[in-house]
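Shown below, as structure tokens, is a lone chain in the form predicted alone; questions about how it binds or moves come after it.
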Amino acid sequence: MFQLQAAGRAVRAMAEWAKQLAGIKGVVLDISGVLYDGGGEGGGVPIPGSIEAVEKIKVSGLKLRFCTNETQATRGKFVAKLQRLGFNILVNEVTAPAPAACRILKERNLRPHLLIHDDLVPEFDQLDKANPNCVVIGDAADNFSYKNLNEAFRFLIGLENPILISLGRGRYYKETDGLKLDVGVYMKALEYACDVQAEVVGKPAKMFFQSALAEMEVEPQQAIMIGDDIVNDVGGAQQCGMRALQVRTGKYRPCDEQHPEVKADGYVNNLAEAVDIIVKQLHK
């Protein structure tokens, strides 16, 4: 009896947020935990139904943008991996932190000390890195050793005006073998040690979402974000004026639905379910 009541409430809740989809012209998708779970020999495993869901968006007439905090590879290599997994995705459809950070560094004549993943280094090849006047931190994975963190700390605390740029601020993410600490944990350590506040390039920064919206040429109220992170995906998008759904895949945890500060416009089991509802509403 209880299970039937819970199922009934879930159906009513889904119907309620589906009514809010009028006027949607663009969809912004997170990648890790929504399209696929990373890790393993093949670089990851598609979440069931996600390949078909992306295709369904593309043929629906809706505009589509992928918005990721991925910083373990260049955008080109990351997209190539997704293509090998079966996704219809192009480099120019992806908004990612590293290219955005490079633009900022050039505009402000900043020379970075990099604490990032080895596979991301080529994104910064065109920048002057001699005599650094800032620190850039990304998801460095195994490069987050004591030695490397301490080196970044020494560069940062030795600057007259310390500048710390973080490629996202996620706490953790999910791969096929379980949850992994993300860049935000190490960002906080440097903030605390150096008494600075990082400039975040990536979700949940408002400018990052605005960039994705500009690429689609839609207004915030005409777009919906679909992600697995209640704070960085859902909260970030909502602060920008977008609607946002959380999928129950990737890093999702049941307690996310009782988050004290962020409430998604809707919760769905996976991307395929979300896209089915969105596309159905288009035809009403």
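Given the structure is predicted, the values throughout are model-derived calculations rather than measurements. In this text, residue numbers run from 1 along the sequence as written.
There is another form of the same protein, the form predicted together with another copy of the chain; it is not shown, and what comes next is about it.
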*For the chain shown here without its partner, which stretch in 188 to 196, 106 to 114, 119 to 127, 87 to 95 has non-hydrogen atoms within 4.5 angstroms of another copy of the chain in the predicted complex?*
188 to 196
*With another copy of the chain left out of view, choose which of Ala80, Ile157, Met207, Ala214 has a non-hydrogen atom within 4.5 angstroms of it in the predicted complex.*
Ile157
*Can you check whether Ile163 is within 4.5 Å of another copy of the chain in the predicted complex, heavy atom basis?*
no
*Counting only non-hydrogen atoms and a 4.5 angstroms cut-off, does Ala73 reach another copy of the chain in the predicted complex?*
no
*Indicate whether another copy of the chain has at least one heavy atom within 4.5 Å of a heavy atom of Gly202 in the predicted complex.*
no
*asked:* Under a 4.5 Å heavy atom criterion, is Cys102 part of the interface with another copy of the chain in the predicted complex?
replied: no
*Taking heavy atoms and a 4.5 Å limit, what residues of 110 to 148 are near another copy of the chain in the predicted complex?*
Ala141, Asp142, Phe144, Ser145, Tyr146
